[in-house]
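Next comes just one chain, in structure tokens: the form predicted alone.
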């Protein structure tokens, strides 16, 4: 049971009437309040039953982080009594639902009404409706009934994919490699493409001597980058991925870089698989063939959160090896944390590099670089020394990874996605992929 401000006014008027009459006694006061209580009870009985209401939902089931989703809540009143009151659609605070307050409702018996809400989530993952509170007020406007009903609906909040703006430029570089651009730039690759006349600047190793002997001029072979190669993107979701670089977790920066690489590789005709791992598999996407896997990757990444546990590189390496013995490019997005990598990953690196081409990508924190430049006080010097120690450890780990046959990309949050895409394009240009 709920009461309105009108019932409070009625109770005050009843007390005032007793005072004005001059017959102040417990019996008279009780009688006046009994009349008020009877009116309240009558209003509750005449109000429509919230329990009988039927709720359905329509609208978006997914939205990119930072964008808005439009939903509709349809309330159907199957009873004969009209519903007068308010309806409040509750969502988690991070969903930022509008309108926030309860909406007035007047639904005649046997009819329905649609209530629109807009969600602008600020967290990636699944936003689930918490329930719909229906308040029905009686015809006197004094009191009514209230009940929270279940109306399940989930909106999956997808990664924003900010690095999408780099995709046209990277695709242009790919077209140059494949000889589709008007500049007719040729990559080395390893798949024969065609013959053409020698021009100044061509690699002499590409001269086709047999074709040259049959022609008046020198003829060279051209190559195109291989297609239909396998790429496995491995996302480290362990403890270090929870660290914030700027205002965003390292995990989200890594996701953004992964999406750009996946979109680029899909356009290049390569097959892209995805694996999120810390101490167990958190998400996995297997390519069903050529073409982009972006929608599947985005959906798989959406609910991922960093696990506050140390990653298990041995288990990760075993899971990667279990994906098949065919040679592939393994792109590991992790933090170049010297303690974790030297103790766990580096001893197991030969197992991976002996069979696959390994590319390690890490998000570099610009705050550490800025801290290394601080001077002017003992505290600043101490911070600078600590930062320089951290940077030296990253450089040492990078050198060790490259010595063991892995490629390394270490860039800031604004540059990690294009830098990783460039590394992929360079590997194709060199014929290593």
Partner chain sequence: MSTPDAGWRRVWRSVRIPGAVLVALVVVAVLVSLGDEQFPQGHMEPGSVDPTGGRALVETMREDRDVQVVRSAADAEETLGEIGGDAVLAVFLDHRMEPGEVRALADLEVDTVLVQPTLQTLNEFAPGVDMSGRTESDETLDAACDLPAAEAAGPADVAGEVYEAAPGQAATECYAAAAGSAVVQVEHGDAATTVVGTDHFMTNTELPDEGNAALAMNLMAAEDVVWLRPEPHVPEDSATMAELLPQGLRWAAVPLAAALVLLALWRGRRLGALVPESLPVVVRASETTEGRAGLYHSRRARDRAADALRAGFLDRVSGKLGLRPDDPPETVVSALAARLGEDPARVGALLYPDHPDPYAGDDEALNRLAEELDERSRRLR
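The structure displayed is predicted, hence computed values, not measured ones. Positions refer to the first chain, counted from 1.
Not pictured, yet referred to below: the form predicted together with its partner chain.
Participant: Using heavy atoms and a 4.5 Å limit, would one call residue 49 a contact residue for its partner chain in the predicted bound form?
Facilitator: Close contact is absent here: in the predicted bound form, residue 49 is far from its partner chain, nothing within 4.5 Å, heavy atoms only.
Participant: Considering only heavy atoms, tell me if residue 34 and its partner chain come within 4.5 Å of each other in the predicted bound form.
Facilitator: Looking in the predicted bound form, residue contacts with its partner chain do not include residue 34, since no heavy atom lies within 4.5 Å.
Participant: Is residue 4 near its partner chain? Define near as a heavy atom within 4.5 Å, in the predicted bound form.
Facilitator: Within the cut-off, so yes.
Participant: With heavy atoms only and a cut-off of 4.5 Å, decide whether residue 242 touches its partner chain in the predicted bound form.
Facilitator: Yes, residue 242 sits close enough to its partner chain in the predicted bound form that at least one of its heavy atoms falls within 4.5 Å.
Participant: Considering non-hydrogen atoms and a 4.5 Å limit, which listed residue (56, 386, 61, 68) is close to its partner chain in the predicted bound form?
Facilitator: When its partner chain is considered in the predicted bound form, the option within 4.5 Å is 386.
Participant: Identify, from the list 328, 135, 271, 170, the residue with a heavy atom within 4.5 Å of its partner chain in the predicted bound form.
Facilitator: The residue in contact is 135.
Participant: Choose from 106-114, 243-251, 260-268, 157-165 the stretch whose residues reach within 4.5 Å of its partner chain in the predicted bound form, heavy atoms counted.
Facilitator: Partner-contacting stretch among the options: 243-251.
Participant: Give, in sequence order, every residue of 372-403 that has a heavy atom within 4.5 Å of its partner chain in the predicted bound form, or say none if there are no such residues.
Facilitator: If the 4.5 Å heavy-atom criterion is applied to its partner chain in the predicted bound form, 372-403 yields 375, 378, 379, 381, 382, 383, 384, 385, 386, 387, 388, 389, 390, 393, 395.
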